[in-house]
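First comes one chain, alone, set out as structure tokens in the form predicted on its own.
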Amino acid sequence: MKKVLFAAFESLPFIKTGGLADVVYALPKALDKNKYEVRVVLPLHKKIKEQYYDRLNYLDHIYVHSGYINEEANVYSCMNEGIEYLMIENDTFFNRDDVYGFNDDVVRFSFYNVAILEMMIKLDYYPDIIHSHDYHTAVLPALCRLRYNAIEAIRNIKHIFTIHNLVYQGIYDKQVLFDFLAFDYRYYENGTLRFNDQCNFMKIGIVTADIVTTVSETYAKEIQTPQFGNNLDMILQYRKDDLYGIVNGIDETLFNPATDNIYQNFTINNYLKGKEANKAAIQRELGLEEDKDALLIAMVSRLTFQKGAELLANCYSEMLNRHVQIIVLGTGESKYEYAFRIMENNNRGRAVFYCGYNEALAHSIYAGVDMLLMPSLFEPCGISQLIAMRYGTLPLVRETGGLKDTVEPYNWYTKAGRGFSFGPYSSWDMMQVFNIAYELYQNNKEHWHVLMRNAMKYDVSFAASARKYEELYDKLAC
């Protein structure tokens, strides 16, 4: 049985700031338990301690000496849904109200990566494969091969590094490599650890892991171009033979209209009654007019340029000129928050802006709205469109990254498709497709219902993705 260690900075059900937590939670559960012994390592964040401390089992105490870092830590374990989670406790770096956004984040990430290796040594636990996620744990392959390589069991570990979003790379002053990670200067000098005379965690993971993956096939191609490569496109082209795009899935137990805590549960056998009841409920809850004939659309997202908030801000007035209602749930750049407050103030009963994030409300929105808007400039994979389809809500997306890979656009002639999509990043192009969707909803319910059934039948689980990851694990650990 192969031992696989997932290394990440967040994971459900313990702590979440974004889609990374969904993947690190769902993928280990989907792997074949007869072939893989999977563990997940996380920092013991303050919010985890407050909610789960009584479930943790103390394992051992470690010392972390790495450049100027001299800290101690405790290691705990916790079983959750058949997966063992290892938690590294250090109040200096992890006993904080938030997960990210601190001036010393680079020290926190450096400590965490080194602490993982010290934990393995102390516990005498050496996985066959370490699967690192995003730049927070991207230096693990380099630490194993360039600093801890005197230990054969660590030197022999194979590494997969998954890029969840290439925009966030962990770029710091080069002294980080020596002051906090204690690398030998020669690895900077020969270019392995250097990028534009700086330290770039993401680049280090890309060049030192055995295999690099990202979260959709289209995104794997996009990031090899100057437009989406964020200055790493040439390096990714260099690793193209070891670069794989594997689309994410979602946890079908967590997102299940038949069992979810929504107003009325439903399945594909009674989806029309279920959707109608949940639509009326979310309209009442958010102060919208209770109108079953209005096309109810939602955007559940960070309100940033990347997510296409600009396109909706430009178009909501034109949309609301029709028999349409709009819900926006999210927070982000102040200019978009302001725009959607104006939208609500000028369209009481027909538009609402919930500034913030509420997980339970998000589930109710997915269950109750007719259409989910995701007009992203770029989207490595996207989770919301998968959740929406699970609940019979049709996505309207821009054709990029995982949105292109998962949302088959409507075809009038064959009734194929499970949503709508547009190409160029422009308000005009989005509105052309929106108008098609609107006319279909109002004038051809038969086709709309076919698309709803197509969406609900689409496999959004991690099962198929897990098999592809297993092929990569087997390739490395054969």
Ligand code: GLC
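Residues carry their position along the shown sequence, with the first being 1. Being a predicted model, the structure only gives us computed values, none of them experimental.
What comes next is about the form predicted in complex with the named molecule, which does not appear here.
Would you point out which of 378-386, 229-237, 96-104, 347-355 contains residues with a non-hydrogen atom within 4.5 Å of the named molecule in the predicted bound form?
Every other range fails; the passing one is 378-386.
Using a 4.5 Å cut on heavy atoms, which of His363, Lys404, Arg390, His164 is close to the named molecule in the predicted bound form?
Exactly one listed residue reaches within 4.5 Å, namely His164.
Select from the listed residues Val215, Leu181, Leu396, Ala309 the one whose heavy atoms reach within 4.5 Å of the named molecule in the predicted bound form.
Result of the distance check: Val215.
Quick check on Asn248: any heavy atom within 4.5 Å of the named molecule in the predicted bound form?
Contact with the named molecule, yes.
Evaluate Val23 for contact with the named molecule in the predicted bound form, applying a 4.5 angstroms cut-off between non-hydrogen atoms, and reply yes or no.
Because a heavy atom of Val23 falls inside 4.5 Å of the named molecule in the predicted bound form, the answer is yes.
Does Arg302 reach the named molecule in the predicted bound form, with heavy atoms at most 4.5 Å apart?
Heavy-atom contact with the named molecule at 4.5 Å: present for Arg302.
Answer with yes or no whether Gly19 is in contact with the named molecule in the predicted bound form, where contact means some heavy atom within 4.5 Å.
Result yes; Gly19 sits at the interface with the named molecule in the predicted bound form.
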